[in-house]
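In the form predicted on its own, a lone chain appears below as structure tokens.
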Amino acid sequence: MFDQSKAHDVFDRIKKHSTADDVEVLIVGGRNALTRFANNTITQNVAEENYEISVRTVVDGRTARATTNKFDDESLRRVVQASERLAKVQDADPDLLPIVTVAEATGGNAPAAIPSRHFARTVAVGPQERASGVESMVAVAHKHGHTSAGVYAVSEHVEALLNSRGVSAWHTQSHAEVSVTMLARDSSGWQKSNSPDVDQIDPARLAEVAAEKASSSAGPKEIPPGKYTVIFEPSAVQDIVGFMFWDFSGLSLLDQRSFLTDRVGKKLFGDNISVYDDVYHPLQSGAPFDGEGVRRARVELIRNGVVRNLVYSRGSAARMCKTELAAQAGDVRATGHGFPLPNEMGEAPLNIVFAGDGAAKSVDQMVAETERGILVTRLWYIREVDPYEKIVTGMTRDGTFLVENGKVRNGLLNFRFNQSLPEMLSNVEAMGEPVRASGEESFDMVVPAMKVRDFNFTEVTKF
């Protein structure tokens, strides 16, 4: 496994090969292992270890990047030369800032505390333990008469950023993830969970919940499309709301491609919606620095329904300060959310945490308080219909249920929806305790289950 001393050795050798004004090295990689199963049988078992060394050079106000995964001196020399050749043929970028200094990267503050995200137990999980986990899920499938499919994956990941102005940032973490789908004759159920600590995941319990959903949604009935009160489990919330957070970026506002254009400081959501970007939250994951090595700040994005702030890279913050948009863009400063340069995306908040409203209710409580509505396990195939009004479309999947008189009555054929996200988050009647949620359409978040009125289903599927 790559360690800090090896990262410094690579950087020292790269500096010797470089003739650029400045040089920056980003080292990313690790070990990944995965066991996949389908039809109640293991079908694939793979493992790999790989690291990318990405070199960015700056020459006369021009910058470029080249990447290799070889560590020998000749390969390092060639990747440095490739980066410098590419930089020299670029047009000079008037907005390009000098490579970040230590003072800029840290803001002059002591390192912020971040929960340990590297667990030896996770790293030690081998193929036999993954197979045992799969066996426990398949046993649940056999017990219920279902067919199961899914993955059990573990990884160990490092991220290092070093530059010629003294910045040296390092992060390592482990990751475990289990996803299971249970298939019945005319219904299905699904569950997924991940964590840096494998002991926080119970494959058999996930399989049991997925199997219960498949069993209880058998013989799905059809009800007409329309606006319904809908109870979303956390994974469904995470997958749909994820489509709006890419717009909480300074560059997207400068480019006029954000639905928040002319809306920062205005109330767009319900009073009960408050959201942060917080890499230091105990249920979050990821490195506490961005693609230039700048330390991430905790940023308040939404308070009581009002958009308060965006996130910024150094370059986007500097550009914003030169425009009249700065007066309506919240607290404009480099927040440590930039992607590695050069890039066209700028920055994004990727550690979303919903604050909850202080009156958390379980999904069972939400069901018990609902006269007529729909319970949704997950959403999929979500796409934008109108990016400026943040209207998205997609479908329900793997456990959609009719709720009547406070009880789950039966499974339903799935729906297609067309829904404005600001409207959805203005109609939240109840929320659960925020939890770490994982889906397929968006990045992981800390989100609650939600009960939403007037959610717009437009079609019924045939399954």
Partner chain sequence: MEHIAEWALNAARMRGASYAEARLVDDRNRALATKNGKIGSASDSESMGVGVRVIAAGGWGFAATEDLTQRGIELCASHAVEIAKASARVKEQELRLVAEPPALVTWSSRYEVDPFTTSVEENLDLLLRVDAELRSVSGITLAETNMNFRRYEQWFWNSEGSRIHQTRITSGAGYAAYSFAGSEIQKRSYPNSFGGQWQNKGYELVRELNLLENARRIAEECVALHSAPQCPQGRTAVILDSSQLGLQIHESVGHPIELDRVLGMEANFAGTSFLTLEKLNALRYGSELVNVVADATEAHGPGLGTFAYDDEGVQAQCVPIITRGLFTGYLSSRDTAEKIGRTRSGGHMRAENWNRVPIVRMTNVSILPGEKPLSLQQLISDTDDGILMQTNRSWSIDDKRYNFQFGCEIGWEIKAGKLGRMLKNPSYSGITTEFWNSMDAICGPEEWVLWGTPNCGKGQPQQVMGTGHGASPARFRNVRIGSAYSGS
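Note that this is a predicted model, so its numbers are computed, not measured. Residue numbers count along the first chain shown, from 1.
FYI, the form predicted together with its partner chain isn't displayed, but the following is about it.
In the predicted complex, its partner chain sits beyond 4.5 Å of every heavy atom of Phe401.
Contact annotation: Trp190 falls within 4.5 Å of its partner chain in the predicted complex, judged by heavy atom distances.
Contact check for Arg378: a heavy atom falls within 4.5 Å of its partner chain in the predicted complex.
Among heavy atoms of Asn69, some come within 4.5 Å of its partner chain in the predicted complex. Comparing 292 to 300, 123 to 131, 264 to 272, 199 to 207 against its partner chain in the predicted complex, the single stretch with non-hydrogen atoms within 4.5 angstroms of it is 123 to 131. Contact annotation: of the candidates Leu34, Val435, Val428, Ile27, the single residue with a non-hydrogen atom within 4.5 angstroms of its partner chain in the predicted complex is Leu34. For the residues Thr172, Thr106, Thr181, Thr229, the 4.5 Å heavy atom test against its partner chain in the predicted complex is passed only by Thr181. Along 255 to 291, a non-hydrogen atom within 4.5 Å of its partner chain in the predicted complex is carried by Asp255, Gln256, Arg257, Ser258, Thr261, Asp262, in order along the sequence.
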